[in-house]
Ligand SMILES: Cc1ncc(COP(=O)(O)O)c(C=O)c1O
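Form predicted on its own, single chain, as structure tokens, below.
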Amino acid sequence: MSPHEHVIPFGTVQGELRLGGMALSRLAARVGSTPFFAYDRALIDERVDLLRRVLPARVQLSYAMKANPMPAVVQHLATRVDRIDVASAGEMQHALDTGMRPERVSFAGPGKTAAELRQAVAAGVLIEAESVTELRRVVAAAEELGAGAAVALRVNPDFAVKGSGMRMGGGPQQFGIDAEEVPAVLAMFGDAVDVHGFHVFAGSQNLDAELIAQAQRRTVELISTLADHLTGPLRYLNLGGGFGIPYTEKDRPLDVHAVGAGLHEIVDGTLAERFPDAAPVIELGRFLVGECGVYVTKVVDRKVSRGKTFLVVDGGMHHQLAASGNFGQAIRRNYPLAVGNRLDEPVGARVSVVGCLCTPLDLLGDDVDLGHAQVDDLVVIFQQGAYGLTASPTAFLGHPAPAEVLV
């Protein structure tokens, strides 16, 4: 994909990228400093609306808050989705602050402490237990507080999902309870906790609709066997997510309509017949917000070293670990970039975009068509609505934190 393709959803104003209806240079003046992250709420709404159109009406949409925990983003999405998934007590508090009902907040992730689980029981959120130890802590907290505890078991499936950027199921995993151990675990805890159902998340960042559909079918088959060991009806069925977005030229967008068609077969078939009371959940983070945000950084120097031109910007990998290639990339590939205030000019020769950090790892764009950029121009990195600021080493070398705006 060319940078121009990533500009299209945002639009332009007199040759500048438009964000929230505002020209980039004006938005930069409003923010007051660079670098900054900007998230477009209209594009977030479009993504939610798309999913509502193609997914079965019975499917609940959950926002995986770890993708982008900016309070304004979470508050906005809380009005558009059915649930919020959190991965820490801090995220749980943010989710509850939005007004989302506690029973619509799920708490996942390995290594939950006794203190965190006590908070979760007190709040009344759904705890997605990842181990026997966690279940024991939940029981102890419920007894201490004199409260019920709503639980779903996170299951490590006996299959892996091909095509995922990160595999989170199949084989040995720190995530969840191995599928073959689940019947014994359910028998062990009996009525000590109220088990609503199961959560299976087998992999993330998948761009192949058929592979996602296969994983969903196998997940439902697995849970159909595990549900026989519940003491009550299956009420909660988190099928995970893993919907990917394109980051590099070789990537092609996920055919979400094909994913929706596969889910219709599952929901209208097996689930309708066997589990009419179960709430199927699709949990998405990156797919909801990833393409709706950008990172904006200013060119502070343009220099030539032995025939190679470098654009030095005031941002860097301390805000952009993923775009620098140091967050999950085996082979570094450029994220889409553009000179956001010169979109109507010829791109010029190839240059490399480097950050302000004192390390050669601080590379944001290698051999990219941004040769027309000059000092004080605004370089934009796209696909930055997810796993940007909070997934980066912001304390490295003591540079200021960037601003974040929802426009």
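Bear in mind that the values here come from a model prediction, so they are computed numbers and not experimental data. From 1 onward, residues are counted along the sequence shown.
The protein also exists as the form predicted together with this ligand; that form is not presented, and the subsequent description refers to it.
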| query | finding |
| --- | --- |
| Answer option from L284, L263, A152, V193, heavy atom within 4.5 Å of this ligand in the predicted complex | L284 |
| In the predicted complex, the one of S324, T219, N156, S204 near this ligand [non-hydrogen atom within 4.5 angstroms] | S204 |
| Contact test in the predicted complex: Y387 vs this ligand, heavy atoms, 4.5 Å | yes |
| Proximity of V353 to this ligand in the predicted complex, heavy atoms at 4.5 Å | no |
| Contact flag, R342 vs this ligand in the predicted complex, heavy atom cut 4.5 Å | no |
| Non-hydrogen atom contact K66 with this ligand in the predicted complex at 4.5 angstroms | yes |
| Contact stretch among 224-232, 285-293, 303-311, 135-143 - heavy atom within 4.5 Å of this ligand in the predicted complex | 285-293 |
